[in-house]
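Just the one chain here, the form predicted alone, laid out as structure tokens.
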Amino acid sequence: MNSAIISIGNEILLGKTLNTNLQYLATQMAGLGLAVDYAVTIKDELSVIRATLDYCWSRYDIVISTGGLGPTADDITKDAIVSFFGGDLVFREEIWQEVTDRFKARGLDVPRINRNQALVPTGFVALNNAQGTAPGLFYSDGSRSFFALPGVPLEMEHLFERHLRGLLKERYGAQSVIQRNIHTHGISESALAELLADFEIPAGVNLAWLPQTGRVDLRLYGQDEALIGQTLESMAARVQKHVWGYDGDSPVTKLGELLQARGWLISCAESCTGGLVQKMLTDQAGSSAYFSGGLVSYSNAQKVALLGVSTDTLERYGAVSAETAGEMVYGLTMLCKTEVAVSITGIAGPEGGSDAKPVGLVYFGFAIPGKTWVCKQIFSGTRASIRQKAADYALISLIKELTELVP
């Protein structure tokens, strides 16, 4: 089976909206063994949508479109569908009733324009959308399948899980693609490639290199789960000192697991990262089980007042120094009384650097039971990427340290 995804939306082409729908759909389709062969983003224009439908429907077994199913004048996907597949738009009273009930439940009047949501092309099945007012649409000629989904990510994902996943499994029954990931840190993609230059990947296993900001993921995929697992173990052993996690691990979830396993809490004192580490920790549901709290001591005055950093230290060594990072983490442990603590102070740029202390210089202070240490890193990139790299470094450094501890 081959498949195509059509993303419809001027806002995507203008760069105002990130096309997360394509990422989600491609991932889900690959997991079903129906990897996407073709993807295109087009503008909200009747002739363009119709021409794209013509191109895809003649070449692919499965075609999925996103966007243009709303009630306003610029939502013309259904008009293009009728133009291409033929038939008419038929008003469906039961869909209109669902729309009106949803508005009434929120104490709102129903705009008459929303009647457009109840129009369904002839020969199409309406897919109930419990997350919005625009139903998805499904059409099949017996062998090929076409799905039209709303562009709102929450609604699109809901419709895929509720309807498309089951329909695709039932109709095409492809063998799922198994994917395993190795997460590495502290090594570049090219250096990692050198370490694995003579590593033999068996037939039936594919390798994808996935560089990120400050990190590199290795993805092994194929259909033989046992063989992929064996390959992952061998590859991870080759680069073990750079590995911090596997598969669905993120720096936050992995660190959270290690902290919860020991019943420990973590606190943070941040300067140049402006609370990014704490945001990352609290973005994860359930983080209250291991995150106690912290502060953003951005100014020297706050470092002194809240963390007890010595004014003499700041005058002699500066806010960006090993000495200040060490006093910050010590003051944090006294303030928050947590088993694990981390402090960060640095120069994120783009201004503020010097020959002695360049932009990207960051000092970290760490404390765990029985050990306290300070380290220095120099990161490259924009202000945003330096801050992200610093936050990741703090979390992954603790992951490596806690992983090596005897339980």
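In this text, rigid core is short for the largest set of C-alphas that superpose within 1.5 Å between two forms. The numbering used is simple: start at 1 and walk along the sequence shown. Nothing here was measured: the structure is a model prediction, and the numbers come from that model.
The form predicted in complex with another copy of the chain exists for this protein as well; it is not shown, and the discussion that follows is about that form.
- Interface residue among T100, S321, Q284, S250, judged by heavy atoms within 4.5 Å of another copy of the chain in the model of the complex: Q284.
- For the options Y330, F138, Y298, F84, the one in contact with another copy of the chain in the model of the complex, meaning a heavy atom within 4.5 Å, is Y298.
- Contact with another copy of the chain in the model of the complex holds for all three of I12, P71 and Q131, each having a heavy atom within 4.5 Å.
- Comparing 120-128, 240-248, 139-147, 302-310 against another copy of the chain in the model of the complex, the single stretch with non-hydrogen atoms within 4.5 angstroms of it is 302-310.
- The closest heavy atom approach of Y55 to another copy of the chain in the model of the complex falls within 4.5 Å.
- Taking the partner from the other structure, another copy of the chain in the model of the complex has a heavy atom within 4.5 Å of a heavy atom of D37.
- At least one heavy atom of F291 is located within 4.5 Å of another copy of the chain in the model of the complex.
- Among heavy atoms of R219, some come within 4.5 Å of another copy of the chain in the model of the complex.
- With contact defined as any non-hydrogen atom lying within 4.5 angstroms of another copy of the chain in the model of the complex, the contacting residues in 259-283 are T273, G274, G275, L276, Q278, K279, T282, D283, given in sequence order.
- A movement of the C-alpha atom of I368 falling short of 2 angstroms is seen between this form and the one not shown when the two forms are aligned on their rigid core.
- Core-aligned CA deviation for K357 between this form and the one not shown: less than 2 Å.
- Relative to the superposed rigid core, K104 undergoes a CA displacement of at least 2 Å between this form and the one not shown.
- Look at A285 and L18: in the model of the complex their Cα atoms move 3 Å or more farther apart than in this form.
- Look at E161 and D283: in the model of the complex their Cα atoms come 3 Å or more closer than in this form.
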